[in-house]
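Just one chain follows, in the form predicted alone, and it is written as structure tokens.
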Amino acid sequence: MNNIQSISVFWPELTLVITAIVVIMLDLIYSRKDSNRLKWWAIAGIVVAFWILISGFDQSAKSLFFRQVAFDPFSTFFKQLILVATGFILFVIPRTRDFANYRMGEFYTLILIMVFGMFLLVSAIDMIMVYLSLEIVSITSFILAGYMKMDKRSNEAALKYVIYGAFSSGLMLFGFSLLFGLTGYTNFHDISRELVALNGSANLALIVSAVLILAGFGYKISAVPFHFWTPDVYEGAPTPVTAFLSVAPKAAGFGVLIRFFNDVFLQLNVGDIPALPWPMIIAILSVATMTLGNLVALQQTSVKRMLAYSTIAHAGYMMMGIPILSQDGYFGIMIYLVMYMFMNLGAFFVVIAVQNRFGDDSIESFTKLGWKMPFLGVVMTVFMFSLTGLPPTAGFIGKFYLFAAVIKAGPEYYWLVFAGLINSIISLYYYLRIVKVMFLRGERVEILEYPSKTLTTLLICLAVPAIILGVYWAPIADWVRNSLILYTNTL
């Protein structure tokens, strides 16, 4: 479709752009103390964009803007997931002490721009569009991580994020340039066709290109050895930003990773390229990612930093679905992302509540929490059990589908499932350590405390699905299954 025709199905993205412009203009009118009211404008834009996506105005798979981006159920799934996560974050931001002395108009604008970039990223079917959308997401992430200008840790987080982000973007761009040099095209489907025509005559250049591109994508999903930025950035950034980075950009990263490997390498049968067994390499990276994340999380005394290493481990679990390059693997990743959103956002929101009350996120701050603030203790226990993958929680269902997909791929991947099980057992220690300090230390108190009504409502909205989806998940499975349609027209 040409540019004019494409606008007719580009309304969710246009809604985000219009909302961002409105918010930044209204920020000139609102005073500092009233700037948090701009969240309602941002939320309204998110709701309208979500309504357009679910209204079914056009669900056929097609390419837009002269084959730069794809409009298909696959991208719509990730857009809906990103919007839901963004909605939760927008509601919790005013309840966070981190932003007490800052104007928030620019913050909400940056969030909307970042969501727009993620929309483009999960839809991109052209290397130029992948790079541009990835930079939109990355640059806004850098600013959000360092938004607390008077906080040294926030400044440090932003600086490290910029350095690692620029380096990984350079690697990925170099890989893209090699791929363009081999094929003469930037569109995924054209590249796939030309690589098949090469018939193995440029394997070395293709291997180098794939390694560099994988490094760029690995940085976005916090895969080992491209994870170094994650703990420091997550610890230093404002907690709502950390929660957002741990879910939405990670989902977008897996979305573009699946699309790229599916569109570019599926016909080529990437596992048969001489010199490097790609499925095995990605499987090893998956094990390394989950193992490092879990082992280092054991040593943390900050719950926020522990959850940062936890997100690395969960990226490793989700990477288990990549090597098999099958619909079952993609299904497992996508359903895991849905479950992961509820349990991970919930855990970070409890951290926000604890920081608001005690001014700290250390494990010691959670001591006696189950007695002093029983509601927080109960919901945090639900999130910890779900992150571990214990039944009957949403985390168990997510891991079940991932492990089942890998087992179905054949005996050569059984070791990968075993590694996932061992790592789940390891994670049980540091997740249950939080439960231990909340309930097994201290005594009953006469006066119980509760978080604000807004934060309580948000935690209930996250904890209930974390339990219900562990018992009845058929609607989520159907949604994911119907979303496994990627644009493939190469004409």
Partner chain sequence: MDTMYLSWLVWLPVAGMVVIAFIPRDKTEIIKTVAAVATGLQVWVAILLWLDFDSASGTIQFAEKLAWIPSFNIFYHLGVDGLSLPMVMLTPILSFLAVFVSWKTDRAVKGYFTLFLLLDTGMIGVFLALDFFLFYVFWEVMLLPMYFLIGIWGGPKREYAAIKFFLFTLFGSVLMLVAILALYFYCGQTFDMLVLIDTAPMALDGVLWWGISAIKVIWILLFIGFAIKVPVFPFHTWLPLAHVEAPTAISVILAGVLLKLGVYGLLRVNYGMLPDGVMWFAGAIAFLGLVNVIWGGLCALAQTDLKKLVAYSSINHMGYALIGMAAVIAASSANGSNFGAAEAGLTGAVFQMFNHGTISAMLFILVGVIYDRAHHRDINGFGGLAKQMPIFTAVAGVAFFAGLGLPGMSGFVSEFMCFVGAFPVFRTIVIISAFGILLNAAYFLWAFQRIFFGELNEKYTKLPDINGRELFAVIPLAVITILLGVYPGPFLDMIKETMTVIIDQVVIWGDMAVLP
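Residue numbers count along the first chain shown, from 1. None of the values given here were measured: they were computed from a predicted structure.
This protein has a second form, the form predicted in complex with its partner chain, left out of what is shown; the following refers to that one.
Only one of T291, S365, T381, S209 comes within 4.5 Å of its partner chain in the predicted bound form through a heavy atom, and that residue is T381.
A heavy atom within 4.5 Å of its partner chain in the predicted bound form is found for exactly one of I54, V464, I425, A44: I425. With respect to its partner chain in the predicted bound form, the three residues P225, F228 and I258 uniformly fall beyond 4.5 angstroms at the level of their nearest heavy atom. Per the 4.5 Å heavy atom criterion, its partner chain in the predicted bound form is contacted by stretch 386-394, the sole one of 353-361, 386-394, 100-108, 213-221. Shown alone here, Y429 lies within 4.5 Å of its partner chain in the predicted bound form, counting heavy atoms only. None of the heavy atoms of F65 is located within 4.5 Å of its partner chain in the predicted bound form. Contact annotation: V417 falls within 4.5 Å of its partner chain in the predicted bound form, judged by heavy atom distances. For the chain shown alone, I29 is not a contact residue for its partner chain in the predicted bound form, no non-hydrogen atom being within 4.5 angstroms. In the predicted bound form, the residues of 390-409 lying within 4.5 Å of its partner chain by at least one heavy atom are, in order, L390, P391, P392, F396, I397, F400, Y401, F403, A404, I407, K408.
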